[in-house]
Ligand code: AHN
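Here's a solo chain for you in structure tokens, the form predicted on its own.
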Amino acid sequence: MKNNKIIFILLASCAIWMSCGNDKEKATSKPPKVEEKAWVKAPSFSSDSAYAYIQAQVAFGPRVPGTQAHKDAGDFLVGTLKSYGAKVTEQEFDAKTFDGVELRLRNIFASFYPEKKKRILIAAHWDTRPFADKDTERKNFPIEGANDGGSGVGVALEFARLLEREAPANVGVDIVFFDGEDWGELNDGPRTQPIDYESWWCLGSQYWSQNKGGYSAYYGILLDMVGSGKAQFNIEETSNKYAPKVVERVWSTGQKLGYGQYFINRVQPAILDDHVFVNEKARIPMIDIVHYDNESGYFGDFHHTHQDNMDIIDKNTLKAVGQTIVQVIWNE
């Protein structure tokens, strides 16, 4: 995820973005209501399995691009997706970080039931932060990223396992794991502008959004920091701007399933995350399910610290997010 400095980026609407970790003006608008369909029976999402997938990632060590742990974890993701019957494409590309490191990055794209024309896209980033710049100790060491990176991937992998056994009736599903999301500028470092990208953050989604070929999807759901026991998922403002009907569908479904303590009807300030580039460059309406602490206006005391480990991962949160997504997609 992003550092906690405010990032101002001029949008067509002159809206103010906020980089992950900063509070700004509180938005009060809510997404429009959409007509509710009769529910179909959806399969059960296993939080135990999602938890195990997070453990498996963390066991490789910090998945920092350019390291052996990163390569091994990427190979694990590709192999796991293929084992569930997905058609997997690896998109390799070069990028330079804010501190001048040249990286070879890899986006991983998996397609389930590609014969179906109506597509839903599930996204997460799979790399981890190379610095614990919000910590008080070992600030220059990489974090494990159990929540920030690992949790979204874990939920998506369990969803892939479900798709092997059962297909939603009306849609096909694609999963994309973006690389190079978390090597942005340091917490208290200077702000600079890259030449080839719009931001030092979200390198994988920026590249994919402009090099996706003819791919399109009906809508997308980004999963970012979806595993903490303290998780609260407000309605992120950019999501509400580009995909209000999808926001309403997901939040109302989560609440109807009994997960209202997670899916909160409160619009939070916009953040710079992978969904921004998918919306604006790929032209695919995508929402962001992302943890936000209302009291601190922040992303938790574990964000970009060494506390981001398996100790903060809660199976109840994984269940709430995973089951909500399953129900939404099965109800298409």
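None of the values given here were measured: they were computed from a predicted structure. In this text, residue numbers run from 1 along the sequence as written.
Heads up, the form predicted in complex with this ligand isn't pictured, but that's what we're talking about next.
His303 versus this ligand, in the predicted complex: is there a non-hydrogen atom within 4.5 Å?
Yes, His303 sits close enough to this ligand in the predicted complex that at least one of its heavy atoms falls within 4.5 Å.
Evaluate Glu236 for contact with this ligand in the predicted complex, applying a 4.5 angstroms cut-off between non-hydrogen atoms, and reply yes or no.
So Glu236 does not count as contacting this ligand.
So, Trp201 and this ligand: in the predicted complex, are they within 4.5 Å at any heavy atom pair?
Taking the distances in the predicted complex, the answer for Trp201 is yes, it comes within 4.5 Å of this ligand.
Heavy atoms within 4.5 Å of this ligand in the predicted complex: does Tyr292 have any?
Result no; Tyr292 lies far from this ligand in the predicted complex.
Residues in which of 303-311, 278-286, 41-49, 55-63 have heavy atoms within 4.5 Å of this ligand in the predicted complex?
Partner-contacting stretch among the options: 303-311.
Which residues from 223-260 come close to this ligand in the predicted complex, meaning a heavy atom within 4.5 Å?
Asp224, Met225, in sequence order.
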